[in-house]
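A single chain comes next, written as structure tokens; it is the form predicted on its own.
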Amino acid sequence: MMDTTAAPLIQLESVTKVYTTGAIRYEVLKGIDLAVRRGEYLALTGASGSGKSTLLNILGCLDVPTSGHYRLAGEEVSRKTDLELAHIRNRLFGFVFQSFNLLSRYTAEENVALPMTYGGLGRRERLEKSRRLLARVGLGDFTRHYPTELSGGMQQRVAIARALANDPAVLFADEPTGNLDSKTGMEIITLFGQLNTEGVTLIVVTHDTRVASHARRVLSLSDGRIIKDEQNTVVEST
């Protein structure tokens, strides 16, 4: 459940992102202001080149703004070092991508356990938690299967369980249904809705209006600016 009284978990103020190649200067983000509270389910939408993936990268501390401020739980993170950003990502964020990025030589439970290696848990504890997370995403009977033995939708569920391994404050997803058929994609979106109901903060980049229709808040980007920010009437999954 979203806490509407607490300070924002994420706060962007006048954030820009500029890439320079030779004499060409390309401004991808143009003064983004955004607040995200704990428990929100936010979709970032827009045409290719609108800046939504760049915005996700900044929100997830995979990149830094050229100018402006990014405060995470009240702490300024815009000017942190690469090592400090890596620590934030490992401690506070989980990521799900269009490509599942599972290691084929490891079982599902071993893939999920990998991010826990840096958390101080022993192997036994890591695998026990991994099995709990796989059960949480509906794969309790497939913990010992290898990625090649799983369907695309099942592999994405493993990737989601892995993203939850360190109990992240925010789960980011970049086109998470892009490699899935419509039915399987909707199963993943239904899972996201369940996780949000359990309190997980979700930020999803998508060009698919069906995916966005399941978020509780939708931001539309165009030419590096937020042109629409609206609460959504959530479509219930069937």
Partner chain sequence: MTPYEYLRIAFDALAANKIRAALTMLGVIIGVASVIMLVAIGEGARTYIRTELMGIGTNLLIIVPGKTETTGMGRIPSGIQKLTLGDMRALEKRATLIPAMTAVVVSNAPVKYGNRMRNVEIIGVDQNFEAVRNLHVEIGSFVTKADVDARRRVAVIGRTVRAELFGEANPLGRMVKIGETKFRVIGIMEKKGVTLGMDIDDHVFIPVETAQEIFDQEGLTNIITQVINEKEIERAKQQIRAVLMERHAGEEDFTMVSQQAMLSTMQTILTTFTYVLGGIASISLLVGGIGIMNIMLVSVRERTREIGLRKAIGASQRDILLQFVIESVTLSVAGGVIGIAFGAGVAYGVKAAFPVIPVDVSAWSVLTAFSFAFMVGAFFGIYPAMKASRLNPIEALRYE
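This structure is a prediction, so every number in the text was calculated from the model and none was measured. Positions refer to the first chain, counted from 1.
One more form of this protein exists, namely the form predicted in complex with the partner chain; it is left out here, but the text below deals with it.
- Mapping the unseen interface onto this chain, Arg162 counts among the residues with a heavy atom inside 4.5 Å of the partner chain in the model of the complex.
- In the model of the complex, the partner chain sits within 4.5 Å of a heavy atom belonging to Ser99.
- When contacts are judged by a 4.5 Å heavy atom cut-off, Arg132 does not count as touching the partner chain in the model of the complex.
- The closest heavy atom approach of Leu62 to the partner chain in the model of the complex falls within 4.5 Å.
- For the candidate spot formed by Asn57, Leu103 and Tyr118, every residue has a non-hydrogen atom within 4.5 angstroms of the partner chain in the model of the complex.
- Arg89 is the sole member of Arg71, Arg136, Lys80, Arg89 with a non-hydrogen atom lying within 4.5 angstroms of the partner chain in the model of the complex.
- Listed stretches are 71 to 79, 149 to 157, 106 to 114, 136 to 144; the contact stretch with the partner chain in the model of the complex is 106 to 114, by a heavy atom cutoff of 4.5 Å.
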